[in-house]
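Okay, so here's just one chain, in structure tokens, the form predicted alone.
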Amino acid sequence: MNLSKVFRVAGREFASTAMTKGFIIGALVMPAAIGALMPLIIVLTMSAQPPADTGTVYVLDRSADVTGTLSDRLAPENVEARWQERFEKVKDVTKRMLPSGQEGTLDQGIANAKSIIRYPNFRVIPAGSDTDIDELKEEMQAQVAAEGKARGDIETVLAIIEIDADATQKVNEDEGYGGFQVFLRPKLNDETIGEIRDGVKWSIRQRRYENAGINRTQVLEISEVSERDSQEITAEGEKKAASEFTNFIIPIVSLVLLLIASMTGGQYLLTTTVEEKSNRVVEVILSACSPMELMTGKILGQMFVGLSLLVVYSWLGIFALIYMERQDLVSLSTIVLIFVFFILAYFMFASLMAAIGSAVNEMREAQSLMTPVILLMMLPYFFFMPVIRAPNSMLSTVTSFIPPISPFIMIMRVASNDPPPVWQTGLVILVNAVAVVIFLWLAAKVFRVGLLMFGKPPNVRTLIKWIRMA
């Protein structure tokens, strides 16, 4: 095999894919543009609030004990105060996640958000305990049918609340408390529905506390336990402990990076091979190089395409961690292993894509043969939860040694908070290296025969026959 021809084919393959405007825009410009526009997107998302629901809430309180508390709970000034309190809690949580020096920007963003949020406005009307609830339902139904009441009209019936007679006091000590039921107008905002339901639950609990002679404030104070940020004691000293979210997200991001890079390079390899065969360009190329040189060059060229994507996205992730002052979450060995496992995973799946591309005449024929390959690439997604939760379990260890999914499983184990022993990592790399040789050997046989075959697309039995023939 002439290496100069292989590298010439690889360079042509890389240039024809990575140097196009579409690839540069899709792979490089779009992520940068999304990152730059993210603050604007957040502001637009928060500003895209639906109109505030304003209207009447009928309360049919058969216990005659909850209406006053519920009316106070759903009063407009109290609803607004609760929403502002939630914003303050979100701000406090977000501050702990941001690096130092960004508090001013966050405060301004929260202030802008407060001015955008629209609070629901309720008018609570008590209904007598002897009121027929069907009459209230008919009033709401007539409004819905006529569509004469706008969302911002206080006369609009938003909800009817029916509270049981034993909701706050037991009729029989051997039985539990009663409950309530809400009848809602269609197409209300989720926030409005949540405010109504939570308000009823809170009011019923409050009356139960008072009827039982229990001080709710004291109960909440006893139940509330404050916790300062957890710290890890390392050989270098104390550092902020990783949360459950970060322990979960780092392995997932590593898996996604590997899948994107592998699938992108493999997909381009399949597409270019099918196009060259259908246009009969491959016949001209084969006059200057052998099928093995052509396949090797195409695989190497598209590998550098996937590698370029992996480099760009990896650095974006590293810069994000540096910005958040959490670069300790990813070690240098993990970054190196991401690239090692990418090369192993790519060669196995690229071999399959090259074999499929050489066997068919057009992309439509490749769909049936590609389906098992795509399902095989998506298989690690089904294992990500048990692997992340128990990186050294029997399932995680066994699947780490099953090519071609083992690179994806292994990178999740390596990036987890309980990485595998070094000997397992080395053994998995060795097993996958052997698998790469086998995959390339089989793909070369199919590639050599199928590249100049035209006509009916082959099935699996035909592909096996080609392997024996080559």
Partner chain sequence: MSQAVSMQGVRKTFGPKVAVEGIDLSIPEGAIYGFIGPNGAGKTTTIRMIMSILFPDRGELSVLGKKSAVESKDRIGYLPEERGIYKKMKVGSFLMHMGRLKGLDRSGLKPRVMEWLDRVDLADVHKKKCEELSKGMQQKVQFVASVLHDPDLIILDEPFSGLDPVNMRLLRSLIDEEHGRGKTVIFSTHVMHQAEQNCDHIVMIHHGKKVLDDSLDVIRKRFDPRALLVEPIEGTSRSHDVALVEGVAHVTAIDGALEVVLDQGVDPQRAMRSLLDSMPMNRVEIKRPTLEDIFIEIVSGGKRGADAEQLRAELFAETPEQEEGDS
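Residue numbers count along the first chain shown, from 1. What you see is a predicted model, and the numbers here were worked out from it, not measured in a lab.
The same protein has a further form, the form predicted in complex with its partner chain, not shown here; the description that follows concerns it.
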TODO: Classify residue 276 as contacting or not contacting its partner chain in the predicted complex by the rule of any non-hydrogen atom within 4.5 angstroms, answering yes or no.
DONE: yes
TODO: Answer for residue 290 alone: is it within 4.5 Å of its partner chain in the predicted complex, judged on heavy atom distances?
DONE: yes
Task: Contact test in the predicted complex: residue 25 vs its partner chain, heavy atoms, 4.5 Å - done: no
Task: Partner contact for residue 281 in the predicted complex: its partner chain, 4.5 angstroms, heavy atom - done: yes
Task: Single option in 330, 285, 127, 263 placed near its partner chain in the predicted complex, where near means a heavy atom within 4.5 Å - done: 285
TODO: Taking its partner chain as it sits in the predicted complex, which residues of 3 to 23 have a non-hydrogen atom within 4.5 Å of it? Please list them.
DONE: 5, 8, 9, 12
